[in-house]
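Consider the single chain below, provided in structure tokens and representing the form predicted on its own.
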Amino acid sequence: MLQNQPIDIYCMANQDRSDRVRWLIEELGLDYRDHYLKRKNGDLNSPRYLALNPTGRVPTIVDNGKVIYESGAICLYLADKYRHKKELAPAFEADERAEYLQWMVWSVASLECVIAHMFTHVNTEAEKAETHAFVKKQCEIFQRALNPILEKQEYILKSGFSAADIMLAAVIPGAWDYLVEPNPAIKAYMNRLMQRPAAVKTRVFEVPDVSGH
């Protein structure tokens, strides 16, 4: 299975949800091209982009003519398709396949959904306090899921580093004070992942610059 041309990544910044996609592609050793869209210029609603992604959101990739959007779906697709390059997804018949799928989906459907509350607009200090209390409480629940695993192994799967770690690590910093700082095992896990050369190269953990986007 050959990659005939670079994977096109449509995004607004290096640190939007395209970060996890770019990191995974770099780990797989594939070529890619970034296409930066600007909201203020109407790029997300242009006929050309809507033909690729009718929701007008990012990221979207084009891989040898195959168009895919939703970062979780993109990473599932890439890790499976290019498994011959690097085994970042358990084989379909592997015992860990179910756990892998669980964490790939959990990272966006549960964890990221909760963290998103931190970035919603609130009108008063009371609303802000209520939002942070909600996120803190949810993170205490999440700790019950993550800590027992990360206290005994370096990565979320016993077999080692996988695309599931990329998905988790790209989301977790959004609740750093509540999820990482109180938990040495999660903090050590994040430090390991943040030091990976592919993560450093793709600037996943830099503070995003969204000016002009």
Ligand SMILES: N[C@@H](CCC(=O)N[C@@H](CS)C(=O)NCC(=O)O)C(=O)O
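Predicted model, so just to flag it, every value in this text is computed and none were measured. Rigid core (definition): largest C-alpha set, two forms, superposition within 1.5 Å. The first residue of the shown sequence is 1; numbering continues from there.
FYI, the form predicted in complex with the named molecule isn't displayed, but the following is about it.
At a distance threshold of 4.5 angstroms between non-hydrogen atoms, Arg33 is out of contact with the named molecule in the predicted complex. With a 4.5 Å cutoff on heavy atoms, Ala198 does not count as touching the named molecule in the predicted complex; it lies far away. The named molecule is not shown here, but in the predicted complex it comes within 4.5 Å of a heavy atom of Ser71. Remark: Met12 counts among the residues lining the named molecule in the predicted complex, judged by a heavy atom distance of 4.5 Å or less. Out of the listed residues Ile166, Val58, Ile186, Ile156, Val58 is the one that sits within 4.5 Å of the named molecule in the predicted complex by at least one heavy atom. Note that among 177 to 185, 23 to 31, 39 to 47, 143 to 151, the stretch whose heavy atoms approach the named molecule to within 4.5 Å in the predicted complex is 39 to 47. Relative to the superposed core, Phe119 undergoes a C-alpha shift of no less than 2 Å between the shown form and the other one.
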